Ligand SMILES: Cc1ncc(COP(=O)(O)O)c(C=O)c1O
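As structure tokens, one chain now follows by itself in the form predicted alone.
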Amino acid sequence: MFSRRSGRDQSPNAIARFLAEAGPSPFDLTGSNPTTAGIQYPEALVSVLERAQAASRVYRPEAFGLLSAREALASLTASSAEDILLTASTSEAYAFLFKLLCDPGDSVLVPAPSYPLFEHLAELEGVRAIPYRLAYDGAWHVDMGSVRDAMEPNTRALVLVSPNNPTGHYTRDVELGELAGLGVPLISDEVFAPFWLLKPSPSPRAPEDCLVFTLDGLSKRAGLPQLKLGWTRVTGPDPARREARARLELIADTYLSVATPIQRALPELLPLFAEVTAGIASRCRENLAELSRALRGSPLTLLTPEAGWSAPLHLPRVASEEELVLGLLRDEGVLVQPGWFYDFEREPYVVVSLLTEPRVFQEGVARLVGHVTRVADG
């Protein structure tokens, strides 16, 4: 009766079962929702949205999105409005791009570790997601050997996330050049790009001889996941870019999913959210500094992120990842994400959210370090 692609096992894992019985963790270090993390928002936000709502009573659909919104984004991205496509989210942008580039059964390459989204999005489009490796040797980098090994005759695109979630790895120009040389379009997700942790890093320069789709959106920049708006910038050789735009227009016109009020509000919202972006980035940098201090002399190792909202930690191999995470919950009331959630290739790793409210973060990290140290000491 139902399709195979909608039939994923949704049984709760041991961590979810524990939380269902015990209730929320008092020291939750996994939060990624800024609206529950004590982030301050501009007071003008409500009035801007109210004006946009009132002005949206007449509906004039545009497949790529309202020109006024795309022109505002063109100024932000130093590009042309005609090369920008609006979608309801970056997840929808991926779905559109998989429709554009892939036939059923084709494959796309995706990074690992990374947020567990691509496999689901690809499967829903009848596409296979094949992982390639991000490696750490004091700094994160793309393992080009694993990329070449993952390539198949019917690989139609490569996804990169810059900076990556959760590793915080910025794609280097030299890496981007090597990836562009593979001969497939690149999908570059840059939603965390403004949130530098160590030093600002410019977006990698898109190769002129490769078709590149660069994704971004309001969810992270505005710290408001409920304001659904993503955008895709198309760059590359003129013939391929024009063909991609024409086909994307057909796909987007089929759905017309983006709400008019958010499009109308965008030119006023973008300047307002610069303050929110800066506030979130400052929170994450302060928590990263606290984490670094707390880990000194401990058996835990920080795999230093360059940007983003997360920090990956390597734990001593004194117990399985699941045992360590469940022990933290049971004994300390601390919730962290296990490494398998992000497809780390070995264990034990955990990931903590740098977005966490500072007092909760400080106490939670102290408990995390104390617990793992005691377990390591026997």
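In case it trips you up, residue 1 is the first one in the sequence shown, and so on. None of these values were measured; they are calculated from a predicted model.
Below, we refer to the form predicted in complex with the named molecule, which is not included among the displayed structures.
- Taking the partner from elsewhere, every residue among S89, N165 and F192 has a non-hydrogen atom within 4.5 angstroms of the named molecule in the predicted complex.
- In terms of contact with the named molecule in the predicted complex, the residue from A157, V127, L269, V161 that brings a heavy atom within 4.5 Å is V161.
- Residue-level contacts in the predicted complex: of S219, T77, T235, S146, one residue has a heavy atom within 4.5 Å of the named molecule, and it is S219.
- Stretch-level contact check against the named molecule in the predicted complex with heavy atoms at 4.5 Å: of 127 to 135, 283 to 291, 248 to 256, 184 to 192, the positive one is 184 to 192.
- Looking at Y115, you'd find a heavy atom of it within 4.5 angstroms of the named molecule in the predicted complex.
- Contacts between stretch 32 to 71 and the named molecule, counted in the predicted complex as any heavy atom lying within 4.5 Å, involve no residue at all.
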